[in-house]
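What follows is a single chain, given as structure tokens, in the form predicted alone.
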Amino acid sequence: MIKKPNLYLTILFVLLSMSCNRVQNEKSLKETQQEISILAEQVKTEFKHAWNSYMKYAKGHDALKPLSGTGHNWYSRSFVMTPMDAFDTMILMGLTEEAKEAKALILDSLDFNKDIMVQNFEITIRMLGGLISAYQLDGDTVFLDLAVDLANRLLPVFDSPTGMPYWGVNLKTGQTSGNISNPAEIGTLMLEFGSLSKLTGNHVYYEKAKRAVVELYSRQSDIGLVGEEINVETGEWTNKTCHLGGRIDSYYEYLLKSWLLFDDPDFLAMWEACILAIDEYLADSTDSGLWYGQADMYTGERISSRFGALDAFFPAVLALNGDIGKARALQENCFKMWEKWGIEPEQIDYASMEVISPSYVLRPENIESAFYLYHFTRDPVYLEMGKVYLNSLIKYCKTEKGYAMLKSVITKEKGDEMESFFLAETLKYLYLLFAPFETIDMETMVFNTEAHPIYKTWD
């Protein structure tokens, strides 16, 4: 005869089990939080290693060459790009002494009155964006004065027949050059110029940058795609390949972010039209999952199955747009692209999973997307990705004199280059992945494409 269980003992057992599970879960959560904090501190340590190496071997130059232990300048004179790019990362990390060092270098030596032809796009996202973030985070109006001076010197690029900017401009004479440009360089100016208008009350910056975007958008094909190259004087496309990689990527990013930062419905309308075309003609659901390939801008016919480190920004944009399902699916493949070779190559063929371009130049986009997805989902899988990214960087790219790019992710041969975006973007996004949630407020700011936070401090 089987005895019935004692009801009192059963209830007591259940309550004891629940109590034990609660204590175990609290302990597990506490251990997880401690581990995350340790990882955040580890990223800060690696940042300080990169920064101290710059200060020791390349102080005052644009960037560090970490194998030879020397400095490198983009042009004939330095714009102290590494301090400018890294400054807001230091503030977010709470690195007070390092921020003081960077600020001193910037304010002591940064001068835009130079007879030098510069690339408008890179100077805008790194220098103008960096100055605006520095002003908003630090409060020193000298940063804003420098931003206004720089923006005024860049304005001549918009004086083309179409209003789309030329490639470059001489900062002293205003002479422009380069009538062949691309959607990224044309459409990735709005956050910087637009926020400068909001901060100064001078509407010319917003109007010039917005006209460039509208003119570019108006020249998309009937099926809603843009090409890779366009003549800014005639408005004719010189390369008709559409994709999400370099030369197009941040154009799409800024359509969405300009809507989020400025509440301008024109940008929302353009973004919504573009994402429909992207989903229809570039998205590629394969046996290995979701990818985004290359297509003819007029026919939508798929041209190739190329995807790379720069394309890996798109899960972040999808997540920011609220499309978490697609963002998760694409990020899963972006992570596979990283894991397969221990670190991601510049470009692969996702149909064959073979490397097309083997270099890794310390790019941030894969890490950026993991950060955005963790921010919006709190799924610990993205923390696990972050640990892999961090360990890979330390294992394959760290040197005695900083961090070095890889000539090949297959051989792991290093190259003598540590671009400023490694401190501005790669290590910033890696840190924010592990940092306390309140470190940033995604409701009141957006990151520009160089990861400089721009805050909506205006009505």
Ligand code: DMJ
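In this text, residue numbers run from 1 along the sequence as written. Predicted model, so just to flag it, every value in this text is computed and none were measured.
Just so you know, the form predicted together with the named molecule exists too; it's not on screen, but the next bit is about it.
Stretch 122-130 is the contacting one of 75-83, 92-100, 122-130, 371-379, since its residues have non-hydrogen atoms within 4.5 Å of the named molecule in the predicted bound form. The partner is absent here, but in the predicted bound form a heavy atom of Phe421, alone among Tyr431, Tyr403, Phe421, Trp51, sits within 4.5 Å of the named molecule. With the partner omitted here, the residue from Leu199, Val148, Leu260, Leu310 that has a non-hydrogen atom within 4.5 angstroms of the named molecule in the predicted bound form is Leu310. The closest heavy atom approach of Asp88 to the named molecule in the predicted bound form falls outside 4.5 Å. Contact check for Arg363: a non-hydrogen atom falls within 4.5 Å of the named molecule in the predicted bound form. Contact check for Gln294: every heavy atom lies farther than 4.5 Å from the named molecule in the predicted bound form.
Among heavy atoms of Ser250, some come within 4.5 Å of the named molecule in the predicted bound form. Contacts between stretch 430-449 and the named molecule, counted in the predicted bound form as any heavy atom lying within 4.5 Å, involve Thr449 alone.
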